[in-house]
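Below, in structure tokens: the form predicted alone, a single chain.
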């Protein structure tokens, strides 16, 4: 399976995907940020990459869709991509998933770690979900979680979560590559059986 990865920053989830390439291959990396460290990472690993200027959203999304067709991506992974795709772009891109640092539906958007602290949550985690027109609102495929240490600040929570994010994302992409995890509309299937709940993985 060929995956295209969209990034905006350092590319730590991209790096995890690159190091886990057994059942799938990262065929192209795309960024909206000319200074994204993840682009240098892709270059070091010999992965073709493109930076798209997002100042004109319609033009940028057209370039994105044309590029995804050209590289023949079977799956698009948003891994720290800080732009919201239009419904038209999502439909044109095909199968698109995102990793988000919260236990969705809690805390879509930004500053999730601080929100966990502010609300004195017992659990924190990450979610891989299907991308639709709603911000962080698509079908939840899988989650990982850990119990919150009340002495932690937001930065420490983020540090605690990041390695678990990497494992979650690579696990889910591997399951999709092996055709063990699929979805249609708002239904999740594991080994062709309908799942009433998303997959919960604790590391």
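Given the structure is predicted, the values throughout are model-derived calculations rather than measurements. Positions refer to the first chain, counted from 1.
If you look for the form predicted together with a small molecule, you will not find it shown, but the lines that follow are about it.
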Among the candidate stretches 87-95, 115-123, 68-76, 100-108, which one is within 4.5 Å of the small molecule in the predicted complex when only heavy atoms are counted?
100-108
Exactly one of 135, 162, 51, 154 comes within 4.5 Å of the small molecule in the predicted complex through a heavy atom, and that residue is 162
Hey, in the predicted complex, does residue 23 get a heavy atom within 4.5 angstroms of the small molecule?
no
Quick one: is residue 10 in contact with the small molecule in the predicted complex, heavy atoms, 4.5 Å cut-off?
yes
